[in-house]
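This document opens with one chain alone, in C-alpha cells, the form predicted on its own.
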C-alpha cells in the first residue's frame, strides 16, 4: 500500500485538494491557500528526494521503471514546480484574482505527468503522461483571459500541441504495426540484430517530429516566442524549463536507453539529430540578437540551448547522454532566476521590455550582479557553470568525431556572447532613464539572484555535485530491468 504514495500520486492528490479547498472554503477565508500551495510543493520536493530509488507500484511495472534517469529528473521537475508556485503567488492576476487557486493547482497535475514521463518505458504511458502535462499547460497559457496575448498564447500552444500529438500518435501506431508492441524491451528484442525496416524508420521519424515540437527544435520552433511572450510569466518559465527538459528526457529515454537504442536506428537518425542541432543552435542564436523583449529573448535563448543539447544527443553515446543531463540542470539554475526577475519587472512596469534594465546597476546593484552572472553562465564564460556545460558538449562532439557540429557550436557560442552581453551593457553602461521608478526590487528577489549567481560561480569552480548527478542519471535500472539494453 505504501508504494502507492509515490510522487506522481501525491502531486495529483495535492492538486485535487487545492481545488476542493478553494471550492469549499468561503471567499473571505482563502488567503492562506497560496501559502499552503508553497508548503505542499516544498514538502513534495523533499518527499521526492527521500523516496528516490523506491520502485513504482507493481501494477505499473510494465509501463514505468525506476532508474538513474528518473531519480535525477523527478526532483528536477518538482523543484521547477516549487519555483513556479513561488512566483505564481506574486503574479498580478487582475480580474482573474478569484481563480488564483486554480492557477496554483494546475501545475501540480502537469508535474505529475512530467514525473511519469521520467519513468516511462512504454509508448502508451508516454502518450498518457504527455496529455496530462499538455492539457494543464493549454489552460495555464490562456489563463489571463483579460489579455489578448495570453489567449493567443493558449490557442497557439493548443494548435501546435495538438499537431505534435498527432505526429506522436501516428508514430506509435506505425510502431505497433511494425514491432507488435509499444513496450521498449519487447521492441528491442524484436528488432535486435535486424536491419531497420522502412516502416520502423518512418515510425521513429514521426515520433521524433512529435518530440521536436516539445523542445522547440528547428524547424518546429515557431510557436515558442509568441507563446512565451503571451503566457503568464510563471507558465512561461514552466514551459521554458520543465517542459523542455521533459522533451529531452524522453529523447534520452527512447534513443539512448529504450526502444530505439539500436545501431540500425542510430545509423539513420544520428545525422538527423546533429543536423537539427546545428540548425537549432544557429537560428536560436542569430534570432536572439535583435530581441528587445526579455521573454522573447529567453525564448530564442532556450532554442539555442536546445540546439546544444541536440548536438550532444546526436553523438549517440553515454557521454552525450550524461552531457544532456548535466546541461539541463545548468540551464535550470541559470534561467529560472532570470524569469523570477522578469516577473518582478512586469509588476513594476507592466511589460518585460529590455529598456527597463537601463541603469539597473546604479539604482539596484544586487539584482544587476546576480543577473550578470546568470547571463554570463548562459553564454558559457569561464569560470561559471555554463562554461562546464558547453565544454562537455564540445568534448562529446570531439570524442565522437563530429567536427562540423563542433565548429558550428563553437562559432555560435562566440556569436551568442554578443546577445548575452546586451542586457549586461544596459544594466551597467546605459544611462538610467528618468521614467524608471525610484523604488528598489524586493529583498527576496535580490537574495535569489545573488544566490543564483553564487551557485554559478561555486559550481563552475567545483562542478563535482553536478558530475555526481550526471553519473547517477547513467545508473542502471533499479527495478523492472529493461531486457536487451
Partner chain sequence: MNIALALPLLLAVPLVAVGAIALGASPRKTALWASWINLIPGFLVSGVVLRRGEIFYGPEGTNLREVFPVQFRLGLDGLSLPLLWLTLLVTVAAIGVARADVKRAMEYHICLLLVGLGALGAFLSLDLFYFFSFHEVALIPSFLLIGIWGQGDRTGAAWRMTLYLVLGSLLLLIALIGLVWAAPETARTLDWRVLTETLRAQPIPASQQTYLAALLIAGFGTLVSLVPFHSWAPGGYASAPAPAAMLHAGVLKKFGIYGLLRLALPLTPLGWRELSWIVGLMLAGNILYLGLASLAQRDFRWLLGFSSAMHMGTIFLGLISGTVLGLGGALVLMVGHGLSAALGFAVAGEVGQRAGTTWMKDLGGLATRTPKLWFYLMIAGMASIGLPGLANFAGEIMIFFGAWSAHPFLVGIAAWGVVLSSVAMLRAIRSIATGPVSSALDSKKGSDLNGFQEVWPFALLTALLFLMGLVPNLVLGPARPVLERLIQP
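Residue numbers count along the first chain shown, from 1. Predicted model only: the values in this text are computed from it and were never measured.
Separately, the form predicted together with the partner chain exists; it is not shown, and the next lines address it.
Just one of 454, 421, 49, 38 comes within 4.5 Å of the partner chain in the predicted complex, counting any heavy atom, and that one is 421. Screening 338, 82, 413, 218 for any heavy atom within 4.5 Å of the partner chain in the predicted complex leaves a single hit, 413. For the chain shown alone, residue 43 is not a contact residue for the partner chain in the predicted complex, no non-hydrogen atom being within 4.5 angstroms. At the 4.5 Å threshold, heavy atoms of residue 444 stay clear of the partner chain in the predicted complex, well away from it. Shown alone here, residue 429 lies within 4.5 Å of the partner chain in the predicted complex, counting heavy atoms only. Though the partner is left out of this view, residue 15 does not reach within 4.5 Å of the partner chain in the predicted complex, counting heavy atoms only. Only one of 280 to 288, 360 to 368, 267 to 275, 338 to 346 places residue heavy atoms within 4.5 angstroms of the partner chain in the predicted complex, namely 360 to 368.
Contact with the partner chain in the predicted complex holds for none of 170, 243 and 250, as no heavy atom of theirs lies within 4.5 Å.
Along 383 to 420, these residues reach a heavy atom to within 4.5 Å of the partner chain in the predicted complex: 383, 387, 388, 391, 394, 395, 398, 399, 406, 410, 413, 414, 417, 418.
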